[in-house]
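Only one chain is shown below, in structure tokens, and it's the form predicted alone.
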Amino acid sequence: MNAELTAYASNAMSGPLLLAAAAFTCLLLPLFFKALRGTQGIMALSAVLVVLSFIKRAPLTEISCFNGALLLSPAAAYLWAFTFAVLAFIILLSLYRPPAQPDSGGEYYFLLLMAALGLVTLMAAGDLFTAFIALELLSLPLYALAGIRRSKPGLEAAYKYFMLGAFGSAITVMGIALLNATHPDLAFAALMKAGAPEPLALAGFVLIIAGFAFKTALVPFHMWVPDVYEGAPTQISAFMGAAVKAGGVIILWRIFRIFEYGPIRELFWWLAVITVVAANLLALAQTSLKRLLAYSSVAHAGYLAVAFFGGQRGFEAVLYYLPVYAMATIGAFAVVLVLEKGEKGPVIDDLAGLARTHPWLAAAMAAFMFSLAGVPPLAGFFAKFFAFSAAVNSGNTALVAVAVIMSAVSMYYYLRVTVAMYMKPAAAGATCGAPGAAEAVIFTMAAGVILAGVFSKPVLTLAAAAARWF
């Protein structure tokens, strides 16, 4: 490795190391200096902004670190920038309305930063062992964050998430063990060159796919999503919907591209079909806004799986899709945060008359709903268009037809939100909190879903450059 690559690798690794240092600082420093108590959010946000400054243009090569455990490339730089940006907005929402108990210390920000550290490690993992360790580093803090308010809905969400997550982790490690019995080298590059897998290895791949499908929330591994999104603090629901899904998507793509045909491809085909159909149909019956967004998240996981069948062009669409979907999701959950009064968040009817009482808030929420539905010229339309067109060009017309039909079905429940805001009278005494920092997040995300649609080419160019390194 020459001096230039060494300098880049050192600079890139400084970001995650600083994130880990900031996590322990938020947890421990206020214990010794009482004057710093209550400032952990500012410390965490400052650290994330500094970490973002470490994201530099990556050289056009792949740098292997720790004997191939981590792979630094333009793809890793793109995904890390995406993750840290999402994290900054989640911390802003947490400053607006602290999700933890008033008597808690810095454990919330410690857990949030450690979860982000696990996520960036997962995105850059070079082998399945590293991916599993990163998955656990991501998951364990999230179990605690789901119940950090210690309310009944939150504790129920944390318990369900932990039990199902433990089951998913057990499936994953069993799959890795079976695969390792026939493949001593579990690096993704080595698996690509291994040829047709033996039956034992094939069983291992199936179990690994099931484990990461749980984190991505593909049906039938989505059971945790509605209850956890509803019971967890809204900021954590937004983080799980916007960023955590991306880690599972990256690993599933690495496995998907190993197989050009065969039962694994058929498994992904059925996962995509069942996910888009079940999630959209189940979303039709939801009245809780957070549960509706949960099923929307599951449906979009299905659309991402459809994009896999577009090959390299499809994965370019996936990398464009992730930030576009994240903006709409963060923005929608930010509106929920402004409106919520109870532990489980508002129902759709709580938005009645919002266009009259808070027109800017209603307009932003409508933009998020239309982007998630895929209405032009918003960014969500182009994300679906690029994903579906890539799959069609690869000969998967039937799969895309199912996705398009179910995307049309989704218009109904997204429009329910807009109809409530613009066509129903406001309830007597209906109010919402003063936006504050949430206002900045909502405006930024609304501008993002509009500009990333109208000017989609720059984002798609970045995504295409990153996709070449997978």
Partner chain sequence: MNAYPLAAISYALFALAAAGFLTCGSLVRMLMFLELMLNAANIAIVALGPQPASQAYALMLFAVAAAEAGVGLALIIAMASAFKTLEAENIKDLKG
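Numbering follows the first chain given and starts at 1. No experiment lies behind these values; they were computed from the predicted model shown.
FYI, the form predicted in complex with the partner chain isn't displayed, but the following is about it.
Contact between E316 and the partner chain in the predicted complex is not found at the 4.5 Å heavy atom cutoff. Remark: A77 does not count among the residues lining the partner chain in the predicted complex, judged by a heavy atom distance of 4.5 Å or less. Though the partner is left out of this view, K152 does reach within 4.5 Å of the partner chain in the predicted complex, counting heavy atoms only.
Proximity of F259 to the partner chain in the predicted complex: non-hydrogen atoms within 4.5 Å are absent; the residue sits far from the partner. Annotated contact segment (heavy atom within 4.5 Å of the partner chain in the predicted complex): 286-294, selected among 286-294, 384-392, 268-276, 114-122. Proximity to the partner chain in the predicted complex, taken as a non-hydrogen atom within 4.5 angstroms, holds for one residue of A166, L281, V206, A190, which is A166. None of L138, L399, L186, V336 but one reaches within 4.5 angstroms of the partner chain in the predicted complex through a heavy atom, and that residue is L186. Residues of 141-174 placing a heavy atom within 4.5 Å of the partner chain in the predicted complex, in sequence order: Y143, K152, P153, L155, E156, A157, A158, Y159, K160, F162, M163, A166, F167, S169, A170, I171, V173, M174.
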